[in-house]
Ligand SMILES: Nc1ncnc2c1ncn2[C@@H]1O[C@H](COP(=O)(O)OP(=O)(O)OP(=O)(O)O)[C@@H](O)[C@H]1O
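In structure tokens, the next block holds one chain alone, the form predicted on its own.
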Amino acid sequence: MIELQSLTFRYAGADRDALHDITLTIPDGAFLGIIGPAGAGKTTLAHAIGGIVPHAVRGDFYGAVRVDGLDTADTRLTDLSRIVGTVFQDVESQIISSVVEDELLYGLENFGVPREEIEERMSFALEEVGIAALRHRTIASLSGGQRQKVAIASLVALRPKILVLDEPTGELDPSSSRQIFSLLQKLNREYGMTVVVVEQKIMLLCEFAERLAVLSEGQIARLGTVRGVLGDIAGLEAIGVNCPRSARFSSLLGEKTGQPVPVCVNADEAVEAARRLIG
């Protein structure tokens, strides 16, 4: 379980809080999406869950963050990383090896994974992320999107209890983005991993996440199921959230027809909603 209690954080030298008085509980096995406009505090929140804030970032930290019962402020990052696997928005900052295979091996060996499990874990991660063919390639020869996949595969191989990903598909094309989210859903459902994702591709996120947290000016402005949150299109757009077109369509359809229309989270649902009204 992830518990944030009255969390407030202000970066050193900043004139306002990046996060202000956030209280949030994320149960084990949840799949939570975090959205919001630029500067809302999404990355800072992700870093706070992983312990990067306050251990590796200077600033004023108040309140508490507990992960799997551990207070992140009192627990070493090396110990937290055994529980929380984090993919940064800037993947270059977390890749340390020169060859793809070595990047995965580094974490597995340092976390003491039994030798007889290493090959199976590596093969699974590389295959599921779609980079098995890159196993022996040098990191320097990879594109930005491929490096992003390597960072994700490295975490998948470790199988932490919690995965926190900050815009994991930022460098990826639509097909690869969907592949990553399908993998996250599989890890969530089959392995029970808690998944927390900060993502700008809201329509894609809403297809896979179970709940959404909307941040605005460092605070949680909305929290609930995907359909529940998307049911307030006007409120979200006032905050600066670019809502999925399917959700905007279902909202507009309801307004124009005066009939109740369920919130649509993808194009197929929007088409079906229109069909039902047309008769």
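The first residue of the shown sequence is 1; numbering continues from there. Fair warning: this is a prediction, and the values are worked out from it, not measured in the lab.
The protein also exists as the form predicted together with the ligand; that form is not presented, and the subsequent description refers to it.
The single contact residue among Gly235, Gly224, Pro37, Gly29, judged by any heavy atom lying within 4.5 Å of the ligand in the predicted complex, is Pro37. A single residue from the set Ser143, Thr78, Ser182, Gln200 has any heavy atom within 4.5 angstroms of the ligand in the predicted complex; that residue is Gln200. You can rule out all but one of 63-71, 239-247, 224-232, 39-47: in the predicted complex, only 39-47 has residues with a heavy atom within 4.5 Å of the ligand. By the criterion of a heavy atom within 4.5 Å, Ser177 is excluded from the residues contacting the ligand in the predicted complex. In the predicted complex, Glu167 approaches the ligand with a heavy atom inside 4.5 Å. Taking the partner from the other structure, the ligand in the predicted complex has no heavy atom within 4.5 Å of any heavy atom of Val265. Using a 4.5 Å cutoff between non-hydrogen atoms, Asn188 does not count as a contact of the ligand in the predicted complex. Using a 4.5 Å heavy atom cutoff, none of Phe88, Gln94 and Leu126 lies near the ligand in the predicted complex. Residues of 15-29 lying near the ligand in the predicted complex, listed in sequence order, are Arg16, Ala18, the criterion being any heavy atom within 4.5 Å.
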